[in-house]
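Listed next as structure tokens is one chain, alone, in the form predicted alone.
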Amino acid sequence: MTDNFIPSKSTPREAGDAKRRRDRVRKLRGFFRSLSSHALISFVGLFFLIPFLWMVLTAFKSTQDVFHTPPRWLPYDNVLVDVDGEKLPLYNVQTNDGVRQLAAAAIVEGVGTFVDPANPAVQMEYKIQRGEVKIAEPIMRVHFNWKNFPDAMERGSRPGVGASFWVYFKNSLVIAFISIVGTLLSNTPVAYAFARIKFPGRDLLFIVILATMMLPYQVTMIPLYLFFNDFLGWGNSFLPLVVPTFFANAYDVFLLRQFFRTIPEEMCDAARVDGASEWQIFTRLIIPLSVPVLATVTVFTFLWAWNDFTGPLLFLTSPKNFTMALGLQDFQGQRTMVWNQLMAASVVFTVPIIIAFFFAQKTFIQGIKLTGSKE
């Protein structure tokens, strides 16, 4: 090795090739990073998507197909043929003349009575299964059984007490609507005061309000029940469920305050210079600029009111006042469980939530991003 080593200088062409190689490696690395993150998000999303799809598809299955082994994703039902004006299921039956397609007139204790649809006067009897060999196997087709929905609505009804799924649906909508109105009316002025108006002890009071978020509902459940039910006499009514929404809660106050603080103070100062009062600034400047976060609070409140089970269970005793959550629980407790109809009722329960989310999706996500982006 010599002490006078001088590194060779790369030519412009070699430098250009090296730069292109680095760019290719950078793009390839970015592609795989994006691919892995999307794959991870999709994998996590499957934990929520698969049960939802299973619920929706089971809502369209026949009772026979619900218990099919192994389970199938798509809903199947028997192929029916018209025999003397009666719809009978069609079977593939192994006979002495080979496999024939026969209609099952009756199946009793593993023995089926079959008729040929072309010659229904002649009846034949075959065992459905002999050992592990299936002698008669139903012919199935993909069929979406829409009748499960009206059957579920009818099964969940109690005509004697004026309760039905549509009554539960209406009760849930009424509670959700009043809760949204109460939440928006009570939380927005409180959040504005904490965000824009300076008064002694403001920050300490805000911390105390935030501290109430650490108090679980189970702790206040019994005192609230005694207060609303025994002291005010509001039992078996919607009042204990909707009146508290007209008093600000810590979570929505925090969410709205965070958004209000992102609106430039200079805009409010300009309005004050023009002679606007705090109320005019709040109603004519802050509220119109806060549509995204108001939509977010609306969606959160709707989801909370629609899914709430403990509150209605605590205060509502008459079936005609039940909400959808209680109606589903009541449906499960009735006689024999019919799983496809239960899934149909669950789909009806879930559809308003999906509709609300998709209608407010863009504004909802914008509100979430803005409230969490800046203090």
Partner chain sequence: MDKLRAKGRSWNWSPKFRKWGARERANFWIGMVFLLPWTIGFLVFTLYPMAASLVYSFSIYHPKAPLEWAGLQNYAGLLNDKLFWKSLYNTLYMVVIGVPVTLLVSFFCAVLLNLKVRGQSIYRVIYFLPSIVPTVASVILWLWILNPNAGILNTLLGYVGIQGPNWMSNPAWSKPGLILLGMWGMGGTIVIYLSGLQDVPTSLLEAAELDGANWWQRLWTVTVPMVSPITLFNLITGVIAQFQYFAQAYVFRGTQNLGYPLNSTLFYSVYLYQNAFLWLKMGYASAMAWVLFIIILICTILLLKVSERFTYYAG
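Here, rigid core means the biggest group of C-alpha atoms that superpose within 1.5 Å across both forms. The shown structure was predicted, so the numbers you read here are calculated from the model rather than taken from an experiment. Residue numbers count along the first chain shown, from 1.
One more form of this protein should be noted, the form predicted together with the partner chain, which is absent from this view; the next part is about it.
(message) On the criterion of a non-hydrogen atom at 4.5 angstroms or closer, are Val167, Leu285 and Thr296 all touching the partner chain in the model of the complex?
(response) No: no residue has a heavy atom within 4.5 Å of the partner.
(message) Heavy atoms within 4.5 Å of the partner chain in the model of the complex: which stretch in 241 to 249, 143 to 151, 98 to 106, 114 to 122 meets that?
(response) The contacting stretch here is 241 to 249.
(request) With heavy atoms only and a cut-off of 4.5 Å, decide whether Thr220 touches the partner chain in the model of the complex. (result) Judged by the heavy-atom cut-off of 4.5 Å, Thr220 is in contact with the partner chain in the model of the complex.
(message) Against the partner chain in the model of the complex, would Phe358 count as a contact residue? Criterion: heavy atoms within 4.5 Å.
(response) Phe358 belongs to the contact set for the partner chain.
(message) Using a 4.5 angstroms cut-off on non-hydrogen atoms, would Leu28 count as touching the partner chain in the model of the complex?
(response) Close contact is absent here: in the model of the complex, Leu28 is far from the partner chain, nothing within 4.5 Å, heavy atoms only.
(message) Taking any heavy atom pair closer than or equal to 4.5 Å as contact, tell me whether Val190 reaches the partner chain in the model of the complex.
(response) Flag for Val190 set to yes.
(request) Name the residue from Ala270, Val174, Leu205, Val79 that puts a heavy atom within 4.5 Å of the partner chain in the model of the complex. (result) If I apply the 4.5 Å criterion carefully, the residue I get is Leu205.
(request) Output the sequence-ordered list of residues from 195 to 215 with at least one heavy atom within 4.5 Å of the partner chain in the model of the complex. (result) Sequence-ordered list: Ile197, Lys198, Phe199, Pro200, Leu205, Val208, Ile209, Thr212, Met214, Leu215.
(request) Kindly check if the Cα atom of Leu74 is displaced 2 angstroms or more between the shown form and the other one relative to the superposed rigid core. (result) The answer is yes, as the C-alpha of Leu74 shifts between the shown form and the other one by 2 Å or more after core alignment.
(message) Superposed on the rigid core, does the Cα of Ser62 end up 2 angstroms or more away between the shown form and the other one?
(response) Moves: yes, 2 Å or greater.
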